[in-house]
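We give structure tokens for two forms of one protein chain below, kept apart as structure 1 and structure 2.
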Structure 1
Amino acid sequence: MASAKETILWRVRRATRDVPEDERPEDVAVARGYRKEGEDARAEVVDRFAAHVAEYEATVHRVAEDDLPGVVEKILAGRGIQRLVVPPKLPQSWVPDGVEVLRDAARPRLTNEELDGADGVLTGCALGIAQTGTIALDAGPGQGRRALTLLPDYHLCVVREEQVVDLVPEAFAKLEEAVGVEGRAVTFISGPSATSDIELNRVEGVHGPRVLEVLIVG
């Protein structure tokens, strides 16, 4: 008896008998007349990123590199964050004194219960997208595994100005290697967890972090 795989492939081939034998996938033309790269100046792109992130009810701050540690400390204190999760290879200078640091590592990893019991997490990112106000994490240095930015209720994310791209296609181009070569998981975050399931009213925070705060450094 034919396996399910054989049967399905046979059905697909029978269903596409109208396709000429010698047609290759590339022969089906795909016109890509859409925008691939933005044309605006850097400053405008970063401004747009800041504005679009803020429109999702995320809090956005613009800070100079030197002021970063001080600003992080002040923000965490203001939010009452005591137990802070920190991914591997996050710049040590970002982490302020005066908070309890839960450092994740390959061994031992923080347990889900520890993550759930933490007040917040501080990470960097892979890139930001101005067009949509999106932050992309690719499990690279300073970002950590996916559970880190999921279980704590508060996420403070540092984005460097030079990490911001303008359009969505630029982001997928930049992430291609991390995914295609290294097989890393990628998470796109656009504002805090939200739902519009009840009468289409937007509510922040169902299962993910209820607060997203973004520091744009440059």
Structure 2
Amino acid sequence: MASAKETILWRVRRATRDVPEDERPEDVAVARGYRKEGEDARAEVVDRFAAHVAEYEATVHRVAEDDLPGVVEKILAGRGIQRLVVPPKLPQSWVPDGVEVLRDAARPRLTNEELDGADGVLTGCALGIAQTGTIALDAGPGQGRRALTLLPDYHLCVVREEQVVDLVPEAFAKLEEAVGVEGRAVTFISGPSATSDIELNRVEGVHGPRVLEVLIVG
């Protein structure tokens, strides 16, 4: 009796039996007739982004530029954040007084123990995607390396309205330079970290922060 692995491989071979042995994936043109750019007004795109982010159980705030520092301070105080991780090149005006700031740098880096022992992290982002309510971080200025937004249990993320794109293809086009030219890792965040077991019981905080709070600035 064939094993499950053998059965799967047999079905793959049968499905691809008419493919020439020397053919490579890039030799076959793929039809890409889907929409690559949105057509809605900017205000509608940003509203849709805010609504979809909230659907993932993240807390969303709409904030004016001048109010941003005060709102950050109020939110962190309300959450009881006392030890805050800050990535390189985050605007200093965003960082409130009265908290212990743990600044990450190329050398020395914060240890995993220091990141895990922090109360939260404050970052910017590369862009937001209205279609899916996803936030992308590409390790650029004010975002930091991936571990900064995975180990602390609370993530406060600032997204400017002009960073919000409508569709996923628009986002990938904007991220192409960071990934292809500079080789930076990209982290996609759709709500707080959560997964479900076989009984569909939701478990939060398995792969990242249990709490995501988003400030949309514009």
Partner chain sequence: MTIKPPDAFSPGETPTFEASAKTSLADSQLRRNLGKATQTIRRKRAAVVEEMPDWEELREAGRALKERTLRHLDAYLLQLEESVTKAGGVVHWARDADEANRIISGIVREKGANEVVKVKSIATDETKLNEHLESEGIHAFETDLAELIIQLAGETSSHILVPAIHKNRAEIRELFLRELDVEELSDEPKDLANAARLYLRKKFLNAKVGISGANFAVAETGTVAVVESEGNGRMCTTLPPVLVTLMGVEKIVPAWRDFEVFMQLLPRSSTAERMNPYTSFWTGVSEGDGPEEFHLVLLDNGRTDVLADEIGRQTLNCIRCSACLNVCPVYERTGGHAYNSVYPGPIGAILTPQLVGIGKPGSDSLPYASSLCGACYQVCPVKINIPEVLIHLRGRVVRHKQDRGGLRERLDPENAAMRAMAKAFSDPELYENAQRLARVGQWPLVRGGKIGSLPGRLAGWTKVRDLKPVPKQSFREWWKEERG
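Remember, it's a predicted structure, so these values are computed and weren't measured experimentally. Residue numbering: sequential along structure 1, first residue numbered 1. For clarity, a rigid core is taken as the largest C-alpha set superposing within 1.5 Å between two forms.
Undergrad: Do you reckon the form predicted in complex with its partner chain is 1 or 2?
TA: If we ask which form is the one predicted in complex with its partner chain, the answer is structure 1.
Undergrad: At a 2 Å cut-off on C-alpha positions, does D67 qualify as shifted between structures 1 and 2 after fitting the rigid core?
TA: Shift at D67: below 2 Å after core fit.
Undergrad: Once the core is aligned, does A29 move its Cα by at least 2 Å between structures 1 and 2?
TA: It does shift by 2 Å or more.
Undergrad: Please report, in Å, how much the Cα atom of R202 moves between structures 1 and 2 when the rigid core is superposed.
TA: Displacement of the alpha carbon, after core fit: 3.5 Å.
Undergrad: If I align on the rigid core, how far apart are the two C-alpha positions of P20 between structures 1 and 2? Answer in Å.
TA: Superposing on the rigid core gives a C-alpha shift of 6.9 Å for P20.
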